[in-house]
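In structure tokens, the next block holds one chain alone, the form predicted alone.
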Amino acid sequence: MADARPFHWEFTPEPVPREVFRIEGGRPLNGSVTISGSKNAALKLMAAATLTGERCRFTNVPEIEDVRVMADTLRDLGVVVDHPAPNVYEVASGDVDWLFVPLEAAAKMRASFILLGPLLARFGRVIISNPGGDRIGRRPVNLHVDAMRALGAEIEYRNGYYFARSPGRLRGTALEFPFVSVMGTENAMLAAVLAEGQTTIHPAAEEPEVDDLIAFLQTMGAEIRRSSPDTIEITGRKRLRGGEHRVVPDRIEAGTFVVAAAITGGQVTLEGAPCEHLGAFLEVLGRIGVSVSCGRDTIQVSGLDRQHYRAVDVTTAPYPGLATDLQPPTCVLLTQATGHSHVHETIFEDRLEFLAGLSRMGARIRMHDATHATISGISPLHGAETEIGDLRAGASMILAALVAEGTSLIHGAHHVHRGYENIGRKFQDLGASITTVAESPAPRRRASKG
């Protein structure tokens, strides 16, 4: 695979600024909070902008670290990425002269691998690193690679990099995935919209963020539609145009603030919240006994009856089931429900590891194996010093600290900044006592894997 520059890359990771959340618990949260745009949608939309040389404009983009990493990754490729106003990004991919996504990007953010499909489809070649991301279990990308090969790509794996090329236009085909994969579905979509002929994807992920990407691709002129809940049909086009799109609200952030109100005994209104995207989660909360009411674009939550919360059994599943990203905050809520709740994580085999941090705060938790746990409540939580290792566990440990008696120090705040816009300030505006301080350089014992 020839390129204007020789392939040589030495990666020395930059030190990540270490911060600590300091939280005084026991305060009910009250007021209103505006839900930001979806992290998972915004990253894929920015990748989709590389399918055309025309300018694409995105609004309601969350101001988070992962978006900044994606913007920098695109700039390194030669893409023009402007940030003219808060929550607004403009992307123009007219001149992409360096079709190489390095280890640095992959180590910071697994979603960098979403660039495989669009760059391969439009430019016919790309070198892309094996991705990193949160440490919540195996997240293999072989499904993505197999999909590209089925579309006609030639891909080799050497020294931690995928060398992908297409001898001509990619060719449409019937893609049968062995299991539902959100990013696998999205990568296949982004490749197939420029492929020759027709492509079907089955089983296709049904998440709202996938439909948000479909809507933007249609704005760009792509022939793509969801013909049934788990099937997407695409007729490839030779070229696509630019467009403008508002990022869908973040349902995971919304669920986090729903639990925050419920667990602290407060009353909170979520503005710009995607109630229709939270069906399974809100059904679980209803069984627990949380009072939730949905407006056209608002969700009102009351935790005034929290002493009567009931234990329930929960199992994660692909959408429209209970999202794996909402399992950790749900577990925190279950520590305050009377009885024994059984939790089954079916998506990521290491996602329950964060429960060790909850146990240190006084939660009564029994691990049966890596994917099954029993949570017994009501468990009075107390402040503790702990460490988080991934994004969703981090937000959930904040929730636990908000209801705990005393002071909590939560190390690893940078994980949370990857996916939540101004989370500290939003909690402060609701009455929480939460500050972010620099971590002391002194060595300390690791408290939790997160």
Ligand code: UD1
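The shown structure was predicted, so the numbers you read here are calculated from the model rather than taken from an experiment. Position 1 is the first residue in the sequence shown; the rest follow in order.
The same protein has a further form, the form predicted together with this ligand, not shown here; the description that follows concerns it.
Within 4.5 Å of some heavy atom of this ligand in the predicted bound form lies at least one heavy atom of N142. In the predicted bound form, M183 approaches this ligand with a heavy atom inside 4.5 Å. When this ligand is considered in the predicted bound form, S36 lies well away from it, no heavy atom lying within 4.5 Å. Using a 4.5 Å cutoff between non-hydrogen atoms, T200 does not count as a contact of this ligand in the predicted bound form. Remark: of stretches 402-410, 378-386, 40-48, 23-31, the one touching this ligand in the predicted bound form is 40-48 (heavy atom within 4.5 Å). For the three marked residues, R110, D325 and R351, a heavy atom of each sits within 4.5 Å of this ligand in the predicted bound form. Contact annotation: of the candidates I155, I214, I347, V79, the single residue with a non-hydrogen atom within 4.5 angstroms of this ligand in the predicted bound form is I347.
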